[in-house]
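Take a look at this single chain in structure tokens; it is the form predicted on its own.
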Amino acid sequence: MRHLMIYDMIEAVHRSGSIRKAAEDTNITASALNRRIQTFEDEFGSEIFERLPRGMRLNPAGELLLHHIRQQRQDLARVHSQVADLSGVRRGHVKIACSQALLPYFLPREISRYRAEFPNVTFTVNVRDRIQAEQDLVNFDSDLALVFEPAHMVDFEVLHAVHQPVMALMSTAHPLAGRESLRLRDCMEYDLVLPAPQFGVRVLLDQAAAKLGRKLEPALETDSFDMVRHFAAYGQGIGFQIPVGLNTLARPDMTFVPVSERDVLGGDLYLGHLRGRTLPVAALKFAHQVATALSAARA
């Protein structure tokens, strides 16, 4: 819409930090873009950018305006979604910030199920750690977040939570593969492949090791849960994951054994959105589907 074009330009300058780079992104000359920003500031009654020797930066008034711009866009998207519902055709775009554990099996399945019923709804899925996911919500970069053990809950409205124990991953040929449950000290006798420190599973494991008076010393540390699974499948190593990220049918060469909660307390997988925000119809409908699927998986 034409009246939103200036908002696009303001965001482009904010992202790039300079008029010149923003002009390239918006296919307009730098002088024309600068004039439009200055005209907007005159009409707005306040400067919104600090003019620095090396570029442009939003001032406090600009930060307030940017929040308003993002909120207005989300409100418009919600209205579009509601209007589409009036005609009986659900449309919209759902943006999700999620932990890596949701990527291999859970989210692909749920998005496919949703689009089978509402093919005009599209999705964006971004991998975020616990802190980044909440920031995505605050910036209106995501509608929903699915994260394990969020570090900050100030701006997070919880729609659903499901408990997730920590599982040990290993080859079916591993000496510990036949057990019904494992103690952490037993796992520590073997090569450990651990997720990076920012992940919730790693936080729980480090806390448990500290209670035992020990420190985890991984043979391999990675920010990829695919790497955790594959490394554990090839030898005597043990990896760790939460159940929502596992599928025994897809990995018959591996076994997944729960780690005793006497050692490693499980955590919660949270589904939520920005506190105080009204979600578009498509995002809210998908959130209800996800909550139902998580409850069914737990049962």
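Numbering starts at 1 and follows the sequence shown. None of these values were measured; they are calculated from a predicted model.
Another form exists, predicted in complex with the DNA; not displayed. Remarks below refer to it.
Exactly one of the stretches 270-278, 48-56, 62-70, 231-239 approaches the DNA in the model of the complex with heavy atoms within 4.5 Å, and it is 48-56. Remark: all three candidate residues (17, 21 and 32) come within 4.5 Å of the DNA in the model of the complex, counting heavy atoms only. Although the partner is absent from this view, residue 28 contacts the DNA in the model of the complex, with a non-hydrogen atom inside 4.5 angstroms. The closest heavy atom approach of residue 260 to the DNA in the model of the complex falls outside 4.5 Å.
Contact annotation: residue 247 falls outside 4.5 Å of the DNA in the model of the complex, judged by heavy atom distances.
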